[in-house]
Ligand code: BEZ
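Have a look below at one chain only, the form predicted alone, in structure tokens format.
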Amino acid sequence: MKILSANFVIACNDNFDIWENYSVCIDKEIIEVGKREEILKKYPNTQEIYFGKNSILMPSLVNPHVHLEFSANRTYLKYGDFIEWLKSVIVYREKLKEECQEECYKKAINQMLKSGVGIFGEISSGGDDLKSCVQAPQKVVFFNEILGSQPEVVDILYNDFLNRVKESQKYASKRFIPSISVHSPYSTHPILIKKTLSMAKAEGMIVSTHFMESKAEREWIDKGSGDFKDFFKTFFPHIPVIKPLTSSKEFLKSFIGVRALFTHALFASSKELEMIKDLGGVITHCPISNRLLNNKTLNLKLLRELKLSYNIATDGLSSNISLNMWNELREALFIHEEENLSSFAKELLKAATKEAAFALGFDSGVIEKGKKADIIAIKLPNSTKKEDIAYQIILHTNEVEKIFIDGEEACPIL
């Protein structure tokens, strides 16, 4: 048991409470939150860690959607257009895989840890990242991804997927959660979708999927035309008739009874977003990836109108320049220029803590008695007013002073 004390404690709860000169008494869970002098008096023989002038305590960040397999990328891939980016991924995929071995994965995991990420969701397409994710100091939801649109190889793809799921399940624990990702409606055969989501329902898994990320996907799913038609003709010339595998409505209906994160949703209609809400789903917003691949911003106003919750993620280094969540939060703060700076900063911090932790099924993300003690300590360069603290944190933080996961200080993976 220990006591963490700071100038400010940010709860990241619904009210976005900010308390001055507070302490948090923790073990694996948060035992009590209160005024510093009262907590020290109540627990007199407990070690206190005081983080000093301009210090802040808040829940650790959550990055619910990352692709570690692309962590070797810097300048290989092409940006500015989704289809051109996708073509470059196909060209360089094997090279990137060769260049991202164990040390590459560890470096990426450590970068997230230094920025205060205590939980992340890894989208794993091949399983090479399994060992590093099992060893990660963070809590991990390991989404084994299924994709493939050609009916003649459905059984092969599914058997490979099953083997990866079973291998990941060997390491299942409270901090390592094996799960499933369905890549997208344009890339995954309905048979694979049905089989994998049946497994998710049976085992109570949280599922991740990409949905309506690009204009090309929208045109393809709706009309069977546009850039994806030429893309499929180029990469699958042996298929005589190329057409969409499913409709967006049928794809979403497949998720009935499944808790799911729908990543991007840039080109989703209001009806589709309402369906996602009715499914109990959430939206994962990746601002930098959206800028680089689509030059489009997620319609947050519509999400609020529908009362559909969202969280923030970096995506992978295939469409980002870092896995630092503070960079992502800054980008979100900058590109949604219509938003009020102060209130939007609070919303973003909740999206990166409370909302994301809930989406991944963890009982943390809020500084509150009984929640898991996943907490970060931050120091600002100067003092600031209470009402400005949310946006000042986003503007000035790159790395955290300390990160505690289940009450213990977390150290980088070696």
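Numbering starts at 1 and follows the sequence shown. Everything quoted here is computed from the prediction, not taken from an experiment.
Omitted here: the form predicted in complex with the ligand. The next part is about that form.
Of the candidate stretches 182 to 190, 109 to 117, 292 to 300, 272 to 280, only 182 to 190 contains residues with a heavy atom within 4.5 Å of the ligand in the predicted bound form.
A single residue from the set 335, 306, 147, 172 has any heavy atom within 4.5 angstroms of the ligand in the predicted bound form; that residue is 147. Scanning 86, 200, 317, 165 against the ligand in the predicted bound form with a 4.5 Å heavy atom cut-off leaves one residue, 86.
The ligand in the predicted bound form is not approached by residue 310, whose heavy atoms all lie more than 4.5 angstroms from it.
Residue contact check for residue 231: one or more of its heavy atoms lie within 4.5 Å of the ligand in the predicted bound form.
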